[in-house]
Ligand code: HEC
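A single chain, nothing else alongside it, follows as structure tokens in the form predicted alone.
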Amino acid sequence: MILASSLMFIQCTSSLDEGPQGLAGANGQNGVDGTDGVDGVDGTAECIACHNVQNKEHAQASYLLSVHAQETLHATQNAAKTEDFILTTSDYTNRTGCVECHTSGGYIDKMNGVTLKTGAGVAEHDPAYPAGKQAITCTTCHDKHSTFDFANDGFDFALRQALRPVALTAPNANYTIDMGSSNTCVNCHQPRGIPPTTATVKLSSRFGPHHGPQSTLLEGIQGALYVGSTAYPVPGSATHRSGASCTACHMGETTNGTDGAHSWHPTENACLACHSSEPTEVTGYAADMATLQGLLVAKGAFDATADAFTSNTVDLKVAQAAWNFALLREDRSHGIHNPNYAKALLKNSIEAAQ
């Protein structure tokens, strides 16, 4: 009976497994493809135009060729002459009155309208801003964009100075210079004093307009104006002022990889856009500077051996001639920034100092 039941079970399940199959239906037709949507706008397209590896590496490479990227070391002693130490240019000037141009933090505070910090005594031991070389870097001059509405507001290169005109430090803030994106340069490349006006002047090795008078020489102001045989041009009339700018000449397309861009060395390509050849100095400039230096030596105002002004007291005409000599020398363009103004300062100073 058990065997018979087993055979019946097997027979039943086999019958179920082998039953007839239904017929498959015919394949349906494919539907019609939908219409492609409109491509969206790449949200980073405007950013990538500037913020890319190629641009960044190019800016960094040219910046390393600049004077701003280099450290100049000075050996010195403290007041008691018991300690020797090394100061960089920015360390030495990390004190009140210097920090807005000689430290990155000071410049940023000035641009942001923040009260500048102060330091006293030996700068390395009592600095206004954190000690150490505060070289100019990307973030010294550049901040985040003040606007992304480039179509209406213009591309501002994200400069902290933006495009605001610069009120000069000397003689007062009533005179402003506006050179667009070059205003960043004007902030620091301007005199820190004015030509002498008293009857007699005591000179020193630090006498003069300081080391960066380029913007005012370009403008055609801040020289000691003698009445002489050579007329002075109207301020702001120099072609390099009215038809060019700091950035146009010093940040143009590089000639050989060592100039232009963020090296800030003037590039021949920029010169050749207007000149048939690259000028190196104004005609007769070197000879006139040598003549004026000789007169200042004869008047006891300049020490040729030390290559510096003396500590003597001189009359006003000699002091003003010394000022103009320092102004032109510290400009370092050999008169090219403003040829007619440089020539007038030299010729009239030579006449007055004789």
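What you are looking at is a predicted structure, and each value in this text was computed from that prediction instead of being measured. In this text, residue numbers run from 1 along the sequence as written.
The protein also exists as the form predicted together with heme C (HEC); that form is not presented, and the subsequent description refers to it.
Heme C (HEC) is not shown here, but in the model of the complex it comes within 4.5 Å of a heavy atom of S215. Of the heavy atoms in P195, none are within 4.5 Å of heme C (HEC) in the model of the complex. Taking non-hydrogen atoms only, Y129 never approaches heme C (HEC) to within 4.5 angstroms in the model of the complex. Proximity of T230 to heme C (HEC) in the model of the complex: non-hydrogen atoms within 4.5 Å are absent; the residue sits far from the partner. Of the listed positions (C185, I221, V166, L203), a single one reaches within 4.5 angstroms of heme C (HEC) by any non-hydrogen atom in the model of the complex, namely C185. Think of it this way: in the model of the complex, heme C (HEC) has a heavy atom of just one of N256, T239, N112, T176 within 4.5 Å, and the residue is T239. Residues of just one listed stretch (317-325, 53-61, 302-310, 287-295) have heavy atoms within 4.5 Å of heme C (HEC) in the model of the complex: 53-61.
Looking at 296-323, no residue comes within 4.5 Å of heme C (HEC) in the model of the complex, counting any heavy atom.
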